[in-house]
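Only one chain is included here, represented as structure tokens and corresponding to the form predicted alone.
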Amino acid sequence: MGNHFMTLRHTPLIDCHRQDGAKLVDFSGWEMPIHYGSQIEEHHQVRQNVGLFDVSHMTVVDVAGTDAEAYLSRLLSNNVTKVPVGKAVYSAMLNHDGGILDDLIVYRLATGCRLVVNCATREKDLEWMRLQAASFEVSIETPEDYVILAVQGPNSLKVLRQVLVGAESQLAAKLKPFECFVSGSRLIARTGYTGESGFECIVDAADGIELWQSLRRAGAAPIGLGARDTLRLEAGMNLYGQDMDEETCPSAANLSWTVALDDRAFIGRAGLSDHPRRDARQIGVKLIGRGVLRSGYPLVEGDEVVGVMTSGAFSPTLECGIGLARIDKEVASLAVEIRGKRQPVEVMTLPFVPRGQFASS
């Protein structure tokens, strides 16, 4: 028994979460807030006002050096060479067969590129990235002492501008989606994973604690990982390890747009055309009637199993069960099997909840 005991890692904001009464859980080896009292209220807070997330468990990877651009051009499915300084791009990192090793965001900076990858895939990602870097003049650094804050919701700019001073406040106001700027040791970007307008700030640990407290005083409510999951699901965004993995190619996860099929020889390119899942596709479904959809539930048409739920939850905005699913063929009518019983589902256009739908005018 004793061998299985593992010390959970903490972000620099752990004391802030405790002070706010967070319910803490083990999330991929990190002790993280799942909610601060009500996941549903936190979800509505982000859709209608502004919420504050600690996402410092995510891994920051800084890539620099004379071959940084050539290296990332080969490593990633999206084309970083076309991204100007001050912009960000979302991409997949593929294995040789075209399967998704991870999804990530790349910030193009004057000093190189900063990548943010998932925490659960940290060791695997870094090992792969270093392996592929062997023939390139690049440095791959993983800073440790940082905080990543996500300020999300229709009032995110208003609250962030109350906290930023001088030029930072002016620069933040001018950012368009997927733009970023560096100010000293701060990286501030118009990015996020909630489907709402928002910002992400990557800062030094001590600065991060101060920034968190300032944003709290300015009216941003703390939001846990529970609401982060229902928000990204309503926005039709994938969760790595559920909606996609190494066995999934981008086209089977609605991610063909992250693959730039230009004249680059990026890793996994050759495997895409004959990937075993290349004909599968991802859909959004809504449960007709009561209940909640969960990952792993089979989808049936008549007596034939035609797909599987990859993510599911109760949607606080739509007040019904919703989920992402992977199906193997076009279907006319679908049902989900929940503990041996069948319930009809409706195929929905993604996202389930469009950005800014509930923003105050």
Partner chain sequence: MTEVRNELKYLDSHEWARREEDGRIVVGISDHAQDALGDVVFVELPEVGRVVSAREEVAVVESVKAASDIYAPISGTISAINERLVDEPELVNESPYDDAWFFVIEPSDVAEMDALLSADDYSALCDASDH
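The model shown is predicted, which means the values in this text are computed figures rather than measured ones. Numbering follows the first chain given and starts at 1.
Note that the form predicted in complex with the partner chain isn't included here; everything after this is about it.
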query	finding
Contact at K23, G291 and F314 by the partner chain in the predicted complex, all three, heavy atom at most 4.5 Å	yes
Partner-proximal stretch of 303-311, 39-47, 322-330, 52-60 relative to the partner chain in the predicted complex, 4.5 angstroms, heavy atom	39-47
Y297: touches the partner chain in the predicted complex, heavy atom cutoff 4.5 angstroms	yes
R339: touches the partner chain in the predicted complex, heavy atom cutoff 4.5 angstroms	yes
